[in-house]
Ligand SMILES: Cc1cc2nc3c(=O)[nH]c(=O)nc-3n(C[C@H](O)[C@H](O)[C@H](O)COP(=O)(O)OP(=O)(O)OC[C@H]3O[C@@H](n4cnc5c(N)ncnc54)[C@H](O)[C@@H]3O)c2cc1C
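One chain comes next, on its own, written out as structure tokens in the form predicted on its own.
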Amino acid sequence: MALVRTNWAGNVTFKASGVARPTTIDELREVVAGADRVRAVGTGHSFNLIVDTTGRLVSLADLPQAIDIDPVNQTVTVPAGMRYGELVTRLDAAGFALHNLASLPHITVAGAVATATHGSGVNNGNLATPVCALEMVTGSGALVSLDGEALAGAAVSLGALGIVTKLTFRLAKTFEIMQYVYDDVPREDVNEILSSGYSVSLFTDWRTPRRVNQVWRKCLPGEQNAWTGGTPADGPRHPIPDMDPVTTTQQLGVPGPWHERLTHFRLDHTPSAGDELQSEYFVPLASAEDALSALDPIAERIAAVLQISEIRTVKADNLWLSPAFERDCLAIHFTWVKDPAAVGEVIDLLEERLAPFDPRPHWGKLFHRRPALHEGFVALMDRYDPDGKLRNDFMAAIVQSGETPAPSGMAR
């Protein structure tokens, strides 16, 4: 009987026959070598079938969690199953930092890197961009290390090349950030707002034409007065109206360590109960105003099934499967109500309206439009997993027909 296990949101039920939790790399190699089908699973924060398999899921949570900081070369080697929230405090204590963080510190390092998960900032790449080496177990059970040019194809891999066991990141020196929130901001010059701080997010419910509910500016010292638009919030805010801001990171311009400001939510609180669905699309940053305006005619349809939408930026990179591959991007994120059929209809409308801007979906969210695979990636899959152990319906559909399978109940 297949194991009944769902993702965090509960909209996907995995078909896996079981979950392996190896405690050593050798055990992991044995699991992979002996499996017919296998996929790695992290904290389950993906909303589609990217992790699903008819074979075994593998959790890396029980592998040793030691990190190795190299202060001379300013790098850190991290176990793949570690959550960002557990990594960042150790880095900061040693005087180092990562360049950026996603909104949630609860996600695993390997899962975020494999799907090109990101924070915000016109000069900040996604969370895979500082990776300078990785180690993984291939489909045959072999342990291989990759660095240099190989990472262009292997860093953002969707879990299809092997089960990553550790990653090495380039580090920055630790720094402070001040977080400011502004209410009811006109959407007059999106690019100006998004470039007004180190990391900037716009939150909107799409209910008020050409206005956003909140702007969150995460600023370095000296940046805090670089933008004068909007009304400063008179207290802490949660991105979703009427939700308790106790789960959010410190606001009101109070200086603090990078890792306590770059995320939106605190590790010691659960930001929500998972009663949601999510989608996200990346369009060229140069087309930001036009792309958002293209969605205005369907704003009422969006708002009807929306909890909140977040608008961010991601710097261009050279990673083959990154949605920001070779172009600076505007990332338009949607946190939906948990109504798969109604949300699916709006996803179709979104993709139709954004089609002129060549939208690229976030690999871990819900989407219908055919995503593009770099022409060299299938060759890498064949090289590192010739028997197809790491392939699943999600990957097979993309490779063979370009159609992404949706969870049960998702309208197509």
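Predicted model, so just to flag it, every value in this text is computed and none were measured. Residue indices: 1-based, along the sequence shown.
There is another form of the same protein, the form predicted together with this ligand; it is not shown, and what comes next is about it.
By the 4.5 Å heavy atom rule, the three marked residues 168, 171 and 259 all fail to count as contacting this ligand in the predicted bound form. Of the candidates 214, 313, 115, 129, 115 is the one whose heavy atoms come within 4.5 Å of this ligand in the predicted bound form; the others do not. Residue in contact with this ligand in the predicted bound form (any heavy atom within 4.5 Å), chosen from 107, 283, 177, 88: 107. With the partner omitted here, the stretch from 353 to 361, 66 to 74, 371 to 379, 46 to 54 that lies within 4.5 Å of this ligand by heavy atoms in the predicted bound form is 46 to 54. Proximity of residue 92 to this ligand in the predicted bound form: non-hydrogen atoms within 4.5 Å are absent; the residue sits far from the partner. Within 4.5 Å of any heavy atom of this ligand in the predicted bound form lies no heavy atom of residue 97.
Interface residue remark: residue 41 is counted as part of the site for this ligand in the predicted bound form, having a heavy atom within 4.5 Å.
Contact check for residue 205: every heavy atom lies farther than 4.5 Å from this ligand in the predicted bound form. Taking this ligand as it sits in the predicted bound form, the stretch 144 to 176 comes within 4.5 angstroms of it through a non-hydrogen atom at 158, 159, 162, 163, 164.
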